[in-house]
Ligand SMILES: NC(=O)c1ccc[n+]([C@@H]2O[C@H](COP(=O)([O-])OP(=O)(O)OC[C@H]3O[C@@H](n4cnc5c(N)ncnc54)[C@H](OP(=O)(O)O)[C@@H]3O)[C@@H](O)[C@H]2O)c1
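Only one chain is shown below, in structure tokens, and it's the form predicted alone.
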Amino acid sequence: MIVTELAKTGVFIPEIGLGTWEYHAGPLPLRKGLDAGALFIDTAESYGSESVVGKAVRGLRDRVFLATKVSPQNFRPADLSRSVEASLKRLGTDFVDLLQLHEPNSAIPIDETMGAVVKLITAGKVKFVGVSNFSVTQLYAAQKALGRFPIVSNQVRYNIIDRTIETELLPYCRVNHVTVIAYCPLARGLSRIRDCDPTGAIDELSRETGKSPAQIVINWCVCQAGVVAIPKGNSVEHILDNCGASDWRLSQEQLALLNERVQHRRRNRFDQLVRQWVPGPLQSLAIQTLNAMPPGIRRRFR
């Protein structure tokens, strides 16, 4: 597994970690991923997966880079402290390597939140601080509020068909040495990515390289400077396939072919607000409806 430096911390993490959003397979697949070199697990208090992650890392804690997230409703200092203590208990550890603010919360001053985070750092319960789903403006404000400690990461949606962050956020993170942790590097599944690959470029490269389509897509992601990825898998087979996206690189010619032939989009502000505020059940219904449409129509909405 290729490792890369987290921001400018001097700490190196695997370029492919283990995502656990909507994870329900138990500790064994995660343990197999750790054994394969993906010694970076990302979870969150809202995922319901912290306990199983704790079981997966048991006996390996000193080798695993462990990341979790605090939900925005818990950003007030007393709530944040209780939230982190509960996460540590579920994870079976006395510290986390990376504590992330799960998404912005404009109702709570960021100075209050970061003041509480600083106390956790000085108490040794948190090593590094990151954010998730923060815009450039929000990231700048968070860094200013955190003061002498750096924001080391921003976890955001990024994949071969959704390149929204390339306009502003990714360049900003690169200049300011903030590692981008890409969630959903396989979008919501390869079927969605194939909708945007009408000429079959991914399968073509799969045959050429001997790598699986999922590995091609994830490798495209980690080929981007300053980016690591946390694909999810709910079986040993899928997790090991994801891990196989490391230790090799698509060539510049192969990357150019994907960039030219795989259709992608950059979501505008309206798209992002819809994704943020539309209730989950309505989003799921929209996804089900979209999946029932012909590929040519689906492609317009990916």
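Just so we're clear, the structure is a prediction, and the values are computed from it rather than from any experiment. Note that residue numbering begins at 1 and tracks the sequence as displayed.
The form predicted together with the ligand exists for this protein as well; it is not shown, and the discussion that follows is about that form.
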What stretch, of 139 to 147, 196 to 204, 176 to 184, 72 to 80, brings heavy atoms to within 4.5 Å of the ligand in the model of the complex? 176 to 184
If we test each of Lys232, Lys211, Arg90, Lys127 for a heavy atom within 4.5 Å of the ligand in the model of the complex, the one that passes is Lys232
Given that the ligand is left out here, which of Ile108, Ile121, Leu190, Ala86 has a heavy atom within 4.5 Å of it in the model of the complex? Leu190
Quick one: does Phe12 come within 4.5 Å of the ligand in the model of the complex, counting heavy atoms only? no
Is His238 close to the ligand in the model of the complex, meaning a heavy atom pair under 4.5 Å apart or at it? yes
Taking the ligand as it sits in the model of the complex, is Tyr47 near enough to touch it, meaning that at least one heavy atom pair lies within 4.5 angstroms? yes
Would Ser135 count as touching the ligand in the model of the complex under a 4.5 Å heavy atom rule? no
